[in-house]
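First comes one chain, alone, set out as structure tokens in the form predicted alone.
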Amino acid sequence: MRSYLAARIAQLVLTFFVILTLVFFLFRLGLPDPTSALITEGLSQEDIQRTRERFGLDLPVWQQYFVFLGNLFTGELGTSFHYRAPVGFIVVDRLLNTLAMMLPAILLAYTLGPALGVQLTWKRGRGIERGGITLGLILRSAPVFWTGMLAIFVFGVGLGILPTSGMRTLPYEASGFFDKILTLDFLRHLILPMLVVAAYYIALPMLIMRNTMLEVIGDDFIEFCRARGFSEARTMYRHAARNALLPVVTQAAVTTGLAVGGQIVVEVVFSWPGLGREMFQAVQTSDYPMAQATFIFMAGMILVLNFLVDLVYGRLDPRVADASVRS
């Protein structure tokens, strides 16, 4: 297990370094002069040169690269062109807002989804299985922006029972993050976007669980459980489901990593001030430091979560760790 852990850490560091390098050079190729968003007509050449020097863009690209790495590893992500404030503080604030919506939605989806997948396997060949698969495919295929707008139209505009935008009713004052979310007003704003995201994600763990369960229920240990007189519910949930959970765990980690970047469409539709919406606005406003930081942060979180899942895999199934070390 130690060899497996060391190999995975080395792979994590190398992959993150490659991503940092690609992000740095791709942003320079796509936007050679990021300060163009700050330069207005009428500025003298001296003012333009001072602006470039302020952001280190007067240096050769290879020197900018090493300055970028040095700043990154000291926690310096730059200054936002739009907000005129350190990028790090803004990213953390938007990330917390995103997690406040996405984590409950993913928890709901990956709690109900596998349970529903077991039910579909248990009721195989019946109408409930066909209906569940059809509904799951519809929820997964429906565009999230369409589902969000439909929810707004029905519950916000039509019935008028839920707010349709933002995290809180304006104006409000909050002394901190927890003061902002530990209110009934926040919960009312959370319901619609959370349910829309959960409805989109719930189909994947449900279908993965069903397909894996169909393979597991044919194994010998399932027949042994039935021969011992275990109830069908105990056999399905306590024995078959436990052995079918590994693919669901992997997908949960990937989904959570992607969720760090936020569901951009959902955050835009519901005007939720999260990381995904901030990334979208940064690209629109040519806020180069903000866009670069959000991409790096999201990539790093995905790598870390995949690393944690690999560790769980190695603990649950030692054959995975052995095969990885041998390779």
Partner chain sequence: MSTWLRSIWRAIRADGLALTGLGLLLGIITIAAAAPLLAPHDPNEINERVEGVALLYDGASWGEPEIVADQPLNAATLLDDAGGVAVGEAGRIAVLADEEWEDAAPVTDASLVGLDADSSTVIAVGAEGTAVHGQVASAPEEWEVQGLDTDAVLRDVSVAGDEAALAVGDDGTVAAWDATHGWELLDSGVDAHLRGVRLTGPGEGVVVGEQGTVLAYADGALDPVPNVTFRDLLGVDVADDGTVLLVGERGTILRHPPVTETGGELSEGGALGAWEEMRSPESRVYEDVRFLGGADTALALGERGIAVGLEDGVWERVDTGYSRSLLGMGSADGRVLAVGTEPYQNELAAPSADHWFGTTHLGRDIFSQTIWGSRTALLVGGLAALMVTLIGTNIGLIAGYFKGRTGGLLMRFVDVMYALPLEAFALILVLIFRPSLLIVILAIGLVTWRTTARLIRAQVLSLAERPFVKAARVAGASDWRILYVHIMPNVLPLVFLQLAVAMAFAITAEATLSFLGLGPPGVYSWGGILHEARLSGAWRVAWWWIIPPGIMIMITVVAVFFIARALEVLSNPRLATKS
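Residue numbers count along the first chain shown, from 1. Since the model is a prediction, treat every value here as computed from it, not as a measurement.
FYI, the form predicted together with the partner chain isn't displayed, but the following is about it.
The partner chain is not drawn, but in the model of the complex it has no heavy atom within 4.5 Å of Leu308. Proximity of Tyr65 to the partner chain in the model of the complex falls outside the 4.5 Å heavy atom cutoff.
Interface residue remark: Glu76 is not counted as part of the site for the partner chain in the model of the complex, having no heavy atom within 4.5 Å. At the 4.5 Å threshold, heavy atoms of Thr21 stay clear of the partner chain in the model of the complex, well away from it.
Heavy atoms within 4.5 Å of the partner chain in the model of the complex are found in exactly one of 68 to 76, 96 to 104, 135 to 143, 183 to 191, that being 135 to 143.
Exactly one listed residue, out of Thr255, Thr164, Gln119, Asn243, brings a non-hydrogen atom to within 4.5 Å of the partner chain in the model of the complex: Thr164. In the model of the complex, Gln263, Ile264, Val265, Val268, Val269, Met279, Phe280, Val283, Ser286, Tyr288, Ala291 are the residues of 263 to 294 with at least one heavy atom within 4.5 Å of the partner chain, listed from first to last.
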